[in-house]
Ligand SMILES: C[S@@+](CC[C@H](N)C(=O)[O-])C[C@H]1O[C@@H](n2cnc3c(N)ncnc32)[C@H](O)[C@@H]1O
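Given as structure tokens, the chain that follows is alone and in the form predicted alone.
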């Protein structure tokens, strides 16, 4: 585990830290206990669809290779209204849970492109889609999310699952999303935000190690402000779930305590029910709009 990281990190340092953590998780973390909070909640909830989580049917379609490495906070494929023939890009695809589910919705003529900057995760994702039998509709790309190299006006849908909070410049990521979406294309995003103001010193300590999914999280108003300022319209909050004790403990050192410094217990305690996983959609306007 990292012992100390300077309090003010550059964007490039943050990217390398996150890439290293998730790369190590993909290499060695196949059997670690913590998992995607959306999957764990789905296993015990009868409200998967209403709350933007996975259904039992979804979980049965996903190989253990992908399930064991999933670190999401929702199920964007459940509220993206994916249609056969659509082109879908998954920003921060990890080991491929949402890629696999999306590929089954866009067949036979659609395509899903999974983008992640951790090559080790991409290798696990390739293994998972072979196991799921969906490799004919899936491609992968190793790149930063703010510079995917994909064409302009390319995708019908961009989805992401608890990843953009990890990015140091969310505006750059959403500008890239806007660029590659077709006019009329849409977002389906699960992510983590602050719903209430927290002590500035606590927030700074989270940021000093870019602690899990809370180190890079910003407040909900600012998050949606970024999206609207870039040009997205019809922003619709599908579901919001406040993170209580156990979920917040895990999310604060995601992808696992083996890879990420564990924040101070008191800092985590005072942020309970002030941090939420949100699920939302938005539209890139057509030219006539």
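Numbering follows the first chain given and starts at 1. Bear in mind the structure is a predicted one, so any value in this text is a computation, not a measurement.
The protein also exists as the form predicted together with the ligand; that form is not presented, and the subsequent description refers to it.
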message: Only one of 162, 125, 181, 138 gets a heavy atom within 4.5 Å of the ligand in the predicted bound form. Which one?
response: 162
- line: Students should find that, of 188, 167, 101, 82, the residue having a non-hydrogen atom no more than 4.5 angstroms from the ligand in the predicted bound form is 167
message: Counting only non-hydrogen atoms and a 4.5 Å threshold, tell me whether 193, 253 and 268 all contact the ligand in the predicted bound form.
response: no
query: With the partner left out of view, is residue 69 within 4.5 angstroms of the ligand in the predicted bound form by any non-hydrogen atom?
result: yes
task: Mark residue 143 yes when one of its heavy atoms lies within 4.5 Å of a heavy atom of the ligand in the predicted bound form, and no otherwise.
output: yes
task: State yes or no: in the predicted bound form, is some non-hydrogen atom of residue 280 no more than 4.5 angstroms from a non-hydrogen atom of the ligand?
output: no
- prompt: Is the gap between residue 92 and the ligand in the predicted bound form 4.5 Å or less for some heavy atom pair?
  reply: yes
field: Residue stretch of 149-157, 193-201, 127-135, 93-101 approaching the ligand in the predicted bound form, non-hydrogen atom distance within 4.5 Å
entry: 93-101
query: Even though the chain is shown alone, can you say which residues of 116-132 have a heavy atom within 4.5 Å of the ligand in the predicted bound form?
result: 116, 117, 118, 121
